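Subsequent text provides structure tokens for two forms of one protein chain, presented individually as structure 1 and structure 2.
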Structure 1
């Protein structure tokens, strides 16, 4: 009964903070809906090329335009002056320009060095279209293109960015819960003298701490349920694997990142100091662990280093189960890394924890 009252008290205090409620429950949903809609696979052509009009259109120009469209490139045809204005503003990833008076004299493809991820993919399709256009114009057989199949790494089904993002947001929520909710609240309680007052009350300390832990666990469950429901309704995303495996990974991550929050709170005397410390941990985890994008183009040493951060193997295991229906086999070492971080953070939390 005493534990239940403490648990209910934690929820009452938490529900009064509307800002915290928004960032906890609404903001992850807005991220999923926003990014999932922007990068939705069936929303139309993603790659675009600006096509500078030829002063004197030729047959090869028409053949190239048709080949570009057949390869599902979005072609924006502009005059030379309009194209240059757009290029100078940095709005163009790839620009196709005729040499001389028309395409019969060849083309030049300009790629924006700031947008190489998009420009490089566009350049490959433009070159394919050029080969196809020449073959059609000369009456020769079209070159055979290697067929492309889009699927998730586990070959379970075709996937989209929203299904990649959703597990990342689940993991990021756990990190936020541990670092900002658990850690910040404990520093605030110590700063305001709540821990000192608690020491002279009949409330056992273990009930106070367990009430906090149970509150955070229920918040995590509600967060995950809301994201899973929105993902299912908005994008047709659903768990492809075992819910027991999913629950095991989520529980492991929850324990790990809550331990992080307790550990870091022992290094700060004020809420402002803790904010600086927690952000030093939060932002590297968020940007380097594959929440929003992979690091496949990063240097090898960085990829190997990131693999030993707790969030990175956690997300790999979570995505394997959620998106591909995989089991835990093959993720044992990664989950051991998460366990190792959890134990180290818990030991540090015990060593640094104090009531006053």
Structure 2
């Protein structure tokens, strides 16, 4: 009863902050619509090569340019000085430049070491184009190529980028809600002395905390429902798995990352301090979760440590259910890790939480 009142009052006060509420629900939708539309083309972004113009173009130059285009490369033809400017800004992944005055004296391909994934793929295609162009000039048969197909890994029934994006948005949303909004709100309330008035009442801390958790959980569920509806209407994305499994995973995730927020808020005296602490946790969690790059080449100890962080098993389970219609059986251990973190963080939160 006490818990229900606390929960209802959280909702009532929350619903009065119209601006915050609007953005909580509208922001992920805008992200989905924005990115989903930009990358609607199923082939995804094309590989591009910067082609430095030969001062005196020859037949081989013409043949090479045609072959590059035929191989689906985006060719950006620039003068030597323009190309150098672009290169020095680091925007170019691969730059093809003639040696000497024209194609007759050969070419050089410069690859950007910061963009190796893109540059490496481009290099392969440029070399193939070079073989094709030479064969065409000599009247020889074109070399055979192994056909290439671009696909998203593991998502057999998903068809577009938006369907890849949506579960990621659901997941990151709730991470940022837990780490940033919940923790920050608590620190600022404490800073302004709003908790002191509660501290002199017999309201148990855990009811106050649990009331907040339940409130945020319902916010997350509504947020997810809106995202799923928009995804379905705008991009025809469907949840491939069971909604119950999805709800279960999201509940676990919300609980876990909110507990993180509560726990961290116990360590900060001021909002500024909290911003620093939460970033300290958020960024390693993000970078080490495998969201942005794989850790295949990282040292073994790091890989073992990372395997026990909560974000990647959570996102993996979410994607598996949503995109592949998988059950939870394959993700038992991963979800157990999430539960473990959630319990540890909540225990720490109750221990560290101070009203004043």
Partner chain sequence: MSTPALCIRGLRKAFPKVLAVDGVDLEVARGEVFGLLGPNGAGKTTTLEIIEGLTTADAGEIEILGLTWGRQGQEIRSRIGVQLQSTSLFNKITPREALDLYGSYYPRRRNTQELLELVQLVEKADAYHITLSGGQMQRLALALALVNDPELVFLDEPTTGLDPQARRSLWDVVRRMKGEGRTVVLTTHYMDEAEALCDRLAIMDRGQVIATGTPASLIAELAIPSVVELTFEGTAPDPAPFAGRLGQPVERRADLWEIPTPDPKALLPRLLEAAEGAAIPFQQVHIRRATLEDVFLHRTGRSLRE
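Just so we're on the same page, rigid core means the largest C-alpha set that superposes within 1.5 Å between forms. Positions refer to the first chain, counted from 1. Quick caveat: nothing in here was measured; it's all calculated off a predicted structure.
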Just to confirm, one of these is the form predicted alone and one is not; which one is it?
1
Once both forms sit on the same rigid core, is the C-alpha displacement of residue 327 at or above 2 Å between structure 1 and structure 2?
no
Once everything's superposed on the core, is residue 94 shifted 2 Å or more at the Cα between structure 1 and structure 2?
yes
When the rigid core is used for the superposition, does residue 317 move between structure 1 and structure 2 (threshold: C-alpha shift of 2 Å or more)?
no
Mind pulling the C-alpha shift for residue 60 between structure 1 and structure 2, with the rigid core superposed, in Å?
9.9
If the core is used for the superposition, what shift in Å does the C-alpha of residue 10 show between structure 1 and structure 2?
2.7
